[in-house]
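Next up: a single chain in structure tokens, the form predicted alone.
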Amino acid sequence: MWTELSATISSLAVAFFMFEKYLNYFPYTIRGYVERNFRKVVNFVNPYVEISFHEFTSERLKRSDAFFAIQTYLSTSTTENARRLKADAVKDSQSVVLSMDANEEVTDVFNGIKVWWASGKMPPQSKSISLFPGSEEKRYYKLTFHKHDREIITKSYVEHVLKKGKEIEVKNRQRMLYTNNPSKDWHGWKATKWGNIVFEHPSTFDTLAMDTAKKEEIKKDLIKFSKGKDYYAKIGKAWKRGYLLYGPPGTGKSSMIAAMANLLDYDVYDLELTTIKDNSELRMLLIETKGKSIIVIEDIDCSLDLTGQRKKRKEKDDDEADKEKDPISKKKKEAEEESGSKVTLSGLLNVIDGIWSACGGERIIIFTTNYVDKLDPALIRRGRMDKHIEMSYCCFEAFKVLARNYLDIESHELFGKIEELFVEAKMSPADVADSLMPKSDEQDEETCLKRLVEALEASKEEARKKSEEEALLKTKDGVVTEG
């Protein structure tokens, strides 16, 4: 029986080979008719359905997002089930990514339904060298399942695979820090609007010198935003959120941005307004940004003159003399003259809160400033900058975080003295950190804490003198007014 069966199979294989070989000699109409009917016979016997996902789409140069999502999804299971694997090194990384090699097959189960994934390659149609990737070997994945499960697989399983694959890809990607290039560098071979490097800032909310309750409030707000895709769609708003970080220099605004990015696994776009010529270029840059990102404009009060554009011309003329004396206004004017930027307040508002703000999704926009009162109220109103975060001088709670980070201590006999000094002294977290950092191997925690005590006492004395001078000036003003 086995001899007869094997002979029958061999005969069928030879017949199929001969059929495929000589089919091309038949006229096109006859060949199409034979192929259609032959497939009908095969499909009548075969209870399985196949779906192919090719690496390249109909556009020759465009790679399929679905193909790479499937590749990422399968990489989580192929390392356990597949016998033949392919290793790809990640750029600027020591690790490798494993995936199925060509002509390998693995199984997957979805809601109790078993499916088969196979990888394959299609040889190039010609052996000539080409610069187009579409003419090279074309990879594909083939999904096989029983025809009774067609509806579940095509409507639910494929969507599940693509969604999970993209989630894994985002989670495993190298996060980047971008900065905008001048528009003169936007054209040419491999020219881009955004330059980038790997984002490696180590700041986290655990290392931030800030009140613990305030940190937890910010973390909860960020996490709620990152999970709010459906909520934002329901209320009809673009999936974005604005944060205004304001406070004196050295209070940790940049560290806060890095901590936000590390908490949410977002990329960071550092937008330099002075290199942008006009509102049109600003919109083009926004379109090039991706989701899951933080767009930052640091020191926005010094970038461009965005504070007085809604004033009447007469008011501007009246304030001209004061602006010449104001170092902030003078700095903005110099920046504008040097860059030649024509970005306007209305252009910036349209980008962060107008129709263009809906391009993409899951983006956070952050402004930082040392002088919040210098900004136009329209720029920072609620709805544009949804959450205002004051980065203030160091308090005792923030000091304890720094002491733990820099000295690995939770308590010390000098803590009581330091807590009293923080009531009246004003020091930024950056200055406190500088005092706590050991300057040599011989310096221990007590030496560093004593240095901080001296700095706090000096700051307290400086604050006292400044207060006395202000009181004296008020007294003199009062005498002049009465006279």
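Nothing here was measured: the structure is a model prediction, and the numbers come from that model. Each residue number is its position in the shown sequence, starting from 1.
Beyond what is shown, the protein has a form predicted together with a small molecule; the following relates to that form.
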Does Arg241 reach the small molecule in the predicted complex if we count a contact as any heavy atom within 4.5 Å?
no
Is there a heavy atom of Leu379 lying 4.5 Å or less from a heavy atom of the small molecule in the predicted complex?
no
Contact test in the predicted complex: Ala430 vs the small molecule, heavy atoms, 4.5 Å
yes
Mark Gly250 yes when one of its heavy atoms lies within 4.5 Å of a heavy atom of the small molecule in the predicted complex, and no otherwise.
yes
Tell me the stretch among 261 to 269, 380 to 388, 204 to 212, 160 to 168 that has any heavy atom within 4.5 angstroms of the small molecule in the predicted complex.
204 to 212
Students should find that, of Ser293, Gln71, Ser119, Ser255, the residue having a non-hydrogen atom no more than 4.5 angstroms from the small molecule in the predicted complex is Ser255
Can you pick the one in Trp194, Phe110, Tyr406, Tyr140 that has a heavy atom within 4.5 Å of the small molecule in the predicted complex?
Tyr406
